[in-house]
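As structure tokens, one chain now follows by itself in the form predicted alone.
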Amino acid sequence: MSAVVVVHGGAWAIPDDLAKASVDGVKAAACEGHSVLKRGGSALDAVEAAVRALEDNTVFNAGHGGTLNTEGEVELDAIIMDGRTLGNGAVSSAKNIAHPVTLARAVMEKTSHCMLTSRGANQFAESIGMATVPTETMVTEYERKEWEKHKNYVTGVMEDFNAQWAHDTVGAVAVDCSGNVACATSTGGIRNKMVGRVGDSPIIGSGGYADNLSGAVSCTGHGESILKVTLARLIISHIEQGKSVADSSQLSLQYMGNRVHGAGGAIVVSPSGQWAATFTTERMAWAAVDHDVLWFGLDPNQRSKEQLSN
């Protein structure tokens, strides 16, 4: 069967000056995940590789380029999940880690836990020899300026929500040639969030979910809204009822909008290779590689494609 990888760079009102860099970033990350699958790598390896590429790209709010909390620190959240075993690992409020998704995978593979948080996540990172990086190297000049501008969390979020609410959580889903699915999601959270605030991204069933019996999902958008409706699991439950991945995403996002007035996006892939990238925000940068064709988009109903050379 054909392996597929889909990635997103966050669902929000992406401004024009970030549009090209956002699309280029997700295309590069999708190709990164695809090259892992092409070499016979697992879906788990592919989503980790794709998300690491996004965490390294300062255009996105994950790893390098993470947003600052009220105290001017970067607190990072991530999850990874294996659809074959339902094994999953997550970290929340981790500091100064360049690749939270890799730390999340280590939680899954090297501990008997599903999630480590804050100081514990950093202690674990240290115990396995994962280097920390100084805050200065993770924070962009743009983020520092925006943070100064919106020091008050409440006005910051509401202004962002009504204008360009920066939700550039990143994520990836994949199915490999053995039919195994996996998901990964990573974020720096919301600018000026309270210290210790955790959104949907590292929470199983909200920011992501993967099950070989139904599919894999990675979500993005307003974290508190996503948590309230357990968006990833809601999408999966529609798929389990026989709906297509696109309809399942659309229905779930509409429900979240109606029920808790939250906007967001999701990428989904089924074990048979059906996939979708859906959002209710103004824009979402996404890309997918399916049968050596690179698909990508930013605006609603945009589906562009490029043939990849073999």
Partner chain sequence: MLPVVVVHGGAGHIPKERAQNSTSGVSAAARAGYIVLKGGGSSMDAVVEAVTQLENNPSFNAGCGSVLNVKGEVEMDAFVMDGKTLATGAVSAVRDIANPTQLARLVMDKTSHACLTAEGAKQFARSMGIPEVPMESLITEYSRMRWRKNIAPDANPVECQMGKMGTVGAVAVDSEGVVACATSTGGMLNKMEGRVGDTPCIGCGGYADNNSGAVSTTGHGEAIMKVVLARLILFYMEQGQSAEAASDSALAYMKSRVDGLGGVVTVDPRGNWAARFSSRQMAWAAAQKDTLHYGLYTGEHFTQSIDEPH
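The model shown is predicted, which means the values in this text are computed figures rather than measured ones. Numbering follows the first chain given and starts at 1.
FYI, the form predicted together with its partner chain isn't displayed, but the following is about it.
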With the partner left out of view, is Thr137 within 4.5 angstroms of its partner chain in the model of the complex by any non-hydrogen atom? no
Heavy atoms within 4.5 Å of its partner chain in the model of the complex: does Gly87 have any? yes
Is it the case that Asn180, even though its partner is missing from this view, gets within 4.5 Å of its partner chain in the model of the complex, heavy atoms only? no
Answer yes if any heavy atom of Leu251 is within 4.5 Å of a heavy atom of its partner chain in the model of the complex; otherwise answer no. no
Quick check for you: of 96 to 104, 220 to 228, 168 to 176, 138 to 146, which stretch puts a non-hydrogen atom within 4.5 Å of its partner chain in the model of the complex? 220 to 228
Would its partner chain in the model of the complex be within 4.5 angstroms of a non-hydrogen atom of every residue among Val23, Ala28 and Asn57? no
Relative to its partner chain in the model of the complex, which residues of 191 to 210 have a heavy atom no more than 4.5 Å away? Lys193, Met194, Val195, Gly196, Arg197, Val198, Ile203, Ile204, Gly205, Ser206, Tyr209
